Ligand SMILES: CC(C)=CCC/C(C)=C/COP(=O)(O)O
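We begin with a single chain expressed as structure tokens, specifically the form predicted on its own.
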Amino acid sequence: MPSPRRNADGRPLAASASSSSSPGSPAHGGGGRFEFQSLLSSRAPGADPTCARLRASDSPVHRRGSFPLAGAGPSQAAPAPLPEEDRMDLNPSFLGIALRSLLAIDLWLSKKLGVCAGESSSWGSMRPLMKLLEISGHGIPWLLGTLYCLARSDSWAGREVLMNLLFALLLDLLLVALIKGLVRRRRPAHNQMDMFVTLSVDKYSFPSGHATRAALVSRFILNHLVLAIPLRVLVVLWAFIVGFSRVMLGRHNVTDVAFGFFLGYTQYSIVDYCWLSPHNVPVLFVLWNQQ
């Protein structure tokens, strides 16, 4: 009769138990050992690099906010770079600082000069006079007046000058509306939206259409009308007062008016270069062709 400590084959029970619970046996949790060996085999040379990267991405080391292990490789330990929009610009350029400073000065000076922005302002009693100057530089009166004079003119020289003035006014309206739509700078905060006949782009401030029109018309008149010196001085003063009144009324900033003067002065050069006459564009003068 065999000993109770031995099995039927004569081997000790401890030995048989150890052999039956050998590593890798599913009954004793050996599956974990096999999974560990499969992970090791995936890192062996010749293993699929795609699968290895996928397993590595599932590791807690690569989760956001976790700390890398001490033995991790350089590719795992290096943190992901921040997006460009999340980085803080600690060294702004000199040009950026200069532009911000000029913008701050422009806003401050425009607010100080807006003495007619409201009835309660320091020069609020002059607001009706400033609004008359606003109408004198508006595009609609100039367009209607040019068309009326063009219809009543009976000389070829007068028609040619008026036709080019009409071309200049239309060019001014087009360029100002285009630039305002592209820049989209809001009008000053102290402005009152009680302007004379506004359109969709008139809610924007840059550049001042009154300033461009004043500079364009004044240069056009000085070059194509024979005027005495006092009248020529009055034309120049009218242009500057119309531009300055835009700041006093709070309609525009100082830079809006300054760029408007520059744009209007440049527009006349374009009109003078593309001067319309019965010789180069006779179709425009057919309405006044004599029988």
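None of these values were measured; they are calculated from a predicted model. Just count from 1 along the sequence shown to find any residue number.
The form predicted together with the named molecule is left out here; the points below concern that form.
Candidate spot Arg219, Leu225 and Trp238, all three touching the named molecule in the predicted complex (heavy atom, 4.5 Å): Not a single listed residue reaches the named molecule in the predicted complex, so no.
Quick one: is Leu143 in contact with the named molecule in the predicted complex, heavy atoms, 4.5 Å cut-off? Yes, Leu143 is a contact residue.
Taking 4.5 angstroms as the cut-off for heavy atoms, does Ser93 touch the named molecule in the predicted complex? Contact check for Ser93: no, nothing within 4.5 Å of the named molecule in the predicted complex.
Contact between Gly114 and the named molecule in the predicted complex at 4.5 Å, heavy atoms? Residue-level check for Gly114: no, no contact with the named molecule.
Residue contact check: Ala98 to the named molecule in the predicted complex, 4.5 Å heavy atom: Result no; Ala98 lies far from the named molecule in the predicted complex.
Contact residue in the predicted complex, from Leu199, Leu132, Val183, Ala189 (heavy atom within 4.5 Å of the named molecule): Contact with the named molecule in the predicted complex is made by Leu199 alone.
With the named molecule left out of view, which of Ile179, Leu162, Met126, Leu173 would have a heavy atom within 4.5 Å of it in the predicted complex? So the residue touching the named molecule in the predicted complex, by this definition, is Leu173.
In the predicted complex, segment of 103-111, 118-126, 151-159, 207-215 with a heavy atom within 4.5 Å of the named molecule: Among the listed stretches, the partner-contacting one is 207-215.
Contacts with the named molecule in the predicted complex, stretch 117-138 (heavy atom within 4.5 Å): The stretch 117-138, when checked against the named molecule in the predicted complex, contributes only His138 at the 4.5 Å heavy-atom cut-off.
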